[in-house]
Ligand code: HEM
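Only one chain comes next, encoded as structure tokens, the form predicted alone.
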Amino acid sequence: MASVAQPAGHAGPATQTVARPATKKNIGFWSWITTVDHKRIGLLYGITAFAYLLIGGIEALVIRSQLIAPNNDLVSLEKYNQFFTMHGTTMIFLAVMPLSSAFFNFIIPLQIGARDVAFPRLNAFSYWVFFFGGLILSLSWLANAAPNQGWYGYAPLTEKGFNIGRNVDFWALGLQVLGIASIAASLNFIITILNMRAPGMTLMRMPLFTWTTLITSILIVMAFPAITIALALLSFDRFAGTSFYIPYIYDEATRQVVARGGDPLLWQHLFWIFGHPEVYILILPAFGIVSEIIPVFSRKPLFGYAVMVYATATIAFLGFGVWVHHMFTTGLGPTPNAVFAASTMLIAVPTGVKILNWTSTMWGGQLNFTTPMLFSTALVSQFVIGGISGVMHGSPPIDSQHNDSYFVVAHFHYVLFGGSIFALLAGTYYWFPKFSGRMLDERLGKWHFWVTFAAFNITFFPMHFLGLEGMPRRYGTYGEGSGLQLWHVVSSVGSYLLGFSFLIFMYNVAVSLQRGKKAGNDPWDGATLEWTIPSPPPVYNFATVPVVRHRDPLWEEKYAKYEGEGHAEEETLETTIAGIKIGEGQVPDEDALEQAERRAAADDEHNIHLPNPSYWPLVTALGVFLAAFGLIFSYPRIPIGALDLPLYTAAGLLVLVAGVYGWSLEPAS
């Protein structure tokens, strides 16, 4: 069926309902394996990343259970090292980043009026490489060799002489594979946003979420090479006997210490040149999500749109100039410390601008505290707490006192959970109708919010006190008479409550998918293009590519007297449905409407060309996986000329070459 509703004489974005006839290639398991549809890839990202979020949560519960009592032996200290290393790695690289990618994939083409991304098969490749990178890290548990050095991987704890097992190899190679996925996806979104926007959608008419996606993608392309280089040098140290991070070794034959010329601080510089932009890679998409939600439920356009765009770009630029505040205690000297203390405090200014603009958007608005709005306003309050403690750590004396204490653990959880996770939950409630065609239950949603909000603060706020009382981070135990148990108990109980809150969320999703209220095209009275098309969207997104004439195109279409500070009453407009003009209060002839819809669907099916499904992205990603996996398990080996490669690596390289060859020869559509 097809219907188009738009004001007479208006060339703006049309509200469309077009359903493509089901074909065999669009249904069944194989269709998901070979899909290049950005919406399906977004769902695959979201489901996989949420599974890792649950795994990371279970790892956190083990950590909190270990620390609920002094001298606890729930897990050994070696296992504890593995749990906190994998918790950090999982949450950052396998949960929060790919959950943001899920929204990028599903929402961005819809927001910019595109029928797909620029490179659909590259998009599928990025998902499968992410899947296999996560698999490498997950298999470390089955091999009884989970990474155990901390998610930051400080040298020399990662060197062969200190860590002789495969633990670090799983971590280093898994992250390198994940980096390939991130860079491939980011290049795709940069090109998509810059080149595939609907007619009339200038850069300064793009939604804020599209802006934050663009800037985040640029950050990834610029920041990930640093950690790729760091991990490559680490792999050379472990597999080839180099010494990039080893200053000295003990020669057992001569019983002498031999200088090797390496520098452990080189790792810290390379890691944190990536690591601090990574904080903004995680938080800028969250800022974009709440910048979409707060205006809709305040019934006002976003206050200071242009300033928000400039503030986002400023944060990204300054993010590359603050990494040394992670290294104030390494003895770099007063001059570097002073410079990076100033840059750290400076980056708080554009962040504060965002807080001001969100608050100003809500000020005087017609606030409607739905579940997405509750999570969005919670982000504003909780991120302020994390931001204030972050500015504190911009002072070298304070940072030296708090460094490696639980105060820092509290700080970054208020930023990453109180910021990123709260926003991702807000975005899930907001766009779930577009994903599924059904609404999440509001009553359960508000229960989920309040339990999450309370549990989050019960879990992480006491960690400030633990840090001030001297509890080091990364420790798996503490003494009986240390006076630390009370706050550890409070924090652990809060973590159990936080885990329970996610059970409420999963129950809500399961029930709503089965019998939730049908959403329709525009259940929230949204302002952006994704709300002009059916829920869930057809495979081709837009039957007619929209023409954009306003920053809030759907509000501009629906409210003819839109003036920028609120909404005037909706005007009476003649509409056109499937080519049939309908006046106010008139009911179209059902037979004529059905025939018109069939004609529109047939025309659409005939004229819109979409890329064919392809299994080559999966094959190519499988080659990357096998090549990396073979380096971890170096036997059996196979000689290839002068090379002596591990069998799995040789097989992976062959599969990779075959995948690229088949991909290059396959017709795109």
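Residue positions are given as counts along the sequence shown, with the first one as 1. Bear in mind that the values here come from a model prediction, so they are computed numbers and not experimental data.
Note that the form predicted together with the ligand isn't included here; everything after this is about it.
Transferring the ligand from its position in the model of the complex by superimposing the surrounding C-alpha atoms leaves no ligand atom within 2.4 angstroms of any backbone or C-beta atom of the displayed chain; the site is open. Stretch 396-404 is the answer when you ask which of 490-498, 298-306, 428-436, 396-404 has residues with heavy atoms within 4.5 Å of the ligand in the model of the complex.
Interface residue among F460, F106, F422, F383 relative to the ligand in the model of the complex, by the heavy atom within 4.5 Å criterion: F383. Listed residues V279, A118, A455, I273 were compared with the ligand in the model of the complex; V279 is the one with a heavy atom within 4.5 Å.
Using a 4.5 Å heavy atom cutoff, F412, V415 and R473 all lie near the ligand in the model of the complex. Proximity of A185 to the ligand in the model of the complex: non-hydrogen atoms within 4.5 Å are absent; the residue sits far from the partner. In the model of the complex, the ligand sits within 4.5 Å of a heavy atom belonging to W151. A residue is said to contact a partner when one of its heavy atoms sits within 4.5 Å of a partner heavy atom; H326 meets this definition for the ligand in the model of the complex.
In the model of the complex, the ligand stays beyond 4.5 Å of every heavy atom belonging to L135. Applying a 4.5 Å heavy atom cutoff to the ligand in the model of the complex picks out F383, G387, G390, V391 from 354-392, in order along the sequence.
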